[in-house]
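Coming up, as structure tokens: structure 1 and structure 2, two forms of one and the same protein chain.
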Structure 1
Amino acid sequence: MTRRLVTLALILGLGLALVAPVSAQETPGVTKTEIKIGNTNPYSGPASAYGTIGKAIAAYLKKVNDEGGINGRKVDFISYDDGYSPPKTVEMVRRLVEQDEVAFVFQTLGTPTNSAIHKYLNGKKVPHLFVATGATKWGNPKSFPWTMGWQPTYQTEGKIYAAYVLKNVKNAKIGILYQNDDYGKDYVKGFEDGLGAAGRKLVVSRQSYEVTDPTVDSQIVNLKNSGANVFFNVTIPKFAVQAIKKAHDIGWKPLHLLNNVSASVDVVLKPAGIEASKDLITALYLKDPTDPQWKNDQGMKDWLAFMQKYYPEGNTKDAFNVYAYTVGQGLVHVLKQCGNDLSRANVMKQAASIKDLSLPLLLPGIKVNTSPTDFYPIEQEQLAKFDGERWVLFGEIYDARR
């Protein structure tokens, strides 16, 4: 309600502002004291577990405003609920661009939802910055110069697992379980690209499932009977829990690679059972808030203090809140670099020239890098093994750029 009132007040204010002469150069949503940024998040519906990301970003930007804003401007962050439904995302983003007149759109969440606004925003030349999805298609500056991803892509992560298997497993026989859609296929493509032409022969079984399937039991049985000793598990949390438990129940003990999408200890590993989850391997790029090794880490302490002051109702065990805080810092970096030129073109230009930016909650050694031809900000990850209580990092940091 208050958000609506604020929006209303802003629209009224904007109406008044329009009466005054405006120079043709000005970017919508940017005044001397304020920059308006739009966002959509699933605050309701089946994907609403992600909604905390939008809330935590809003809280972070409030902190930034309280500390004086960026180059003297405060950020007005307008975030609408799209319920993870693409048609709703289109409606909300059009409202953001055409009625609220935001300077740009930031961190819109979800692969299908962002796909629905991809062409619209590029057609309108509105920056579509740091989208919250791991699909690979967001880093395509040639065809979509106004869209940029943020986190490591699913293909990047797939390549990392492939490199690990090639290096560490002798006589690998690989079984893959994946969700039959863009997300699942993206992971599998990265993984198989990483294996290379010769390595691809190591894959002995590929099993897919549909989001509508009640269970993946049958697929797990087939994977076990294929004789696979490596299991690449590309599933969302609901099916990851089932797959881990079923593999354990039927006595299948492969080297189990679990995609980062389902790497939550609280949501996936604990429900599946500690015994069944032990020795799982995943790839991480953010510090895990439940990991005691970061207890005295300055970045983590600052984050906790921020959570307590600005987002007390948020869950401090939830890695999504770490994600939101970090991407918020990425945004602030870009806006600072823009200086006083907040034109849409300059926002994209600055976003595409980030050099070795370290952020406090990225794993040590992982840096944000972009260029006019590289629209993938984070491309490094480190593997971690579940020891029954937490993810223990091991090995070097993999860099997909190399």
Structure 2
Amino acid sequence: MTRRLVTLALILGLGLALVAPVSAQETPGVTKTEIKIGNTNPYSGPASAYGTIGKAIAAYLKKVNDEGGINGRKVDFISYDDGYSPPKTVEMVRRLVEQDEVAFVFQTLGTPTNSAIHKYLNGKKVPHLFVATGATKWGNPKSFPWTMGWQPTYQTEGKIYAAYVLKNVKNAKIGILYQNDDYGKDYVKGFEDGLGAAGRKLVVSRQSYEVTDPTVDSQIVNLKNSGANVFFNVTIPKFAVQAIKKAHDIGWKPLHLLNNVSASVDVVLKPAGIEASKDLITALYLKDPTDPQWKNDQGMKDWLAFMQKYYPEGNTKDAFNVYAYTVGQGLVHVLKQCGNDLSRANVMKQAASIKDLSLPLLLPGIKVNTSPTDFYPIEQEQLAKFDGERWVLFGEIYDARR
């Protein structure tokens, strides 16, 4: 487009190149009628339970396009399967940036996979927006100004669980199972920081697993044998199901803390077994679609109508689809704020200028806030216990900003 405009200007002797908006003229993936956005998701592999997120985002953006798009532009959402494999993520993201020429990438999923593209995207000055991982590293605008997270950080969540244990469990003996990468270690760091120097002595066993491991059965047996009466379960859905089921099968009944990223009732708790999952504790920031208290909630009604029309094959009991819809709304908010300036710099500027944004499926009281020095959009969560049917919220909303 740039070459065509410049040639026309030279031929006619007119400044037509100046008439076109900066975004359509200088930013790859942006025209007067379209913005091209890239994504990677594990549609296959050990983290494929998250694949529905990419599908639901695509469905939501189709809804947006059907309703006229954003500021007159339709969204071309290009999503590739990376299988939760960092080398594959690198390959797919390079393809998105260098061949597909997307304006930016959005909601690339996974801590190890995003770690593999972190420096590349910042070096290219391509927005790496609302990454689908709660690792703390995504909120470092000084060193990585082109990357921004979305969900509450794993360290924040870990601190919430630690505070609960210290307050409610006498003579705690803590066992931890975690994925041996940045994702797992980030959760553990937050949890142990929350315990403090004295509290860290309460940890009697730390067991790790690799994402390529077939099972975590031996780790669960080791944790039980350690005498732990508190279990901090830091796993992705595949291994969360195994861990919950194995603990139940061997008669180990600790206080069981399950990280939010595996808290889906339909994807994790039911496959693991309702009885095995009863009394689990997690931290939530989204309304759970299995919770009857939201039955007459307008946001939930609108989401169900969206699912029925645009993603009928999607599971309406899967919280990952609530997540996808909500982060999609966050993206639309940012692009609307951009107006007609969809330059990469302005996309990041607007993403860092969100003030008290309420989205329909966030828990009441939880809002999205960012600033040029705060790249953590959501910093509030509330604890919940599984009663055999649904997550039941309890306690106050924890706010990491305070």
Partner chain sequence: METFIQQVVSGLATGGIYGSVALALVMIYQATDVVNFAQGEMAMFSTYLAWTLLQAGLPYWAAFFLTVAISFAGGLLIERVIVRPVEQAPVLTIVIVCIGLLVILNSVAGWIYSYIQKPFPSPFPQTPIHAGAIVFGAHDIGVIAVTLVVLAFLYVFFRYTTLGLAMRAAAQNPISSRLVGIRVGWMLALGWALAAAIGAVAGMMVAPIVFLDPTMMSGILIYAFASATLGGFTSPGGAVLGGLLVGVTENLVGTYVPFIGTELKLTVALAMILVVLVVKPSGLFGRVVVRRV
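Predicted model, so just to flag it, every value in this text is computed and none were measured. Here, a residue number simply tells you its place in the sequence of structure 1, counted from 1. In this text, the rigid core denotes the largest set of C-alpha atoms whose superposition between the two forms falls within 1.5 Å.
Here the chain taken from the form predicted on its own appears as structure 2, while structure 1 comes from elsewhere.
Comparing the forms between structures 1 and 2 on their rigid core, the Cα displacement of residue 253 reaches 2 Å or more.
Once the cores line up, the CA of residue 232 ends up 2 angstroms or more apart between structures 1 and 2. Annotation for residue 173: C-alpha shift of 2 angstroms or more between structures 1 and 2, rigid core superposed. The rigid core superposition between structures 1 and 2 gives a CA shift for residue 215 of 7.2 Å.
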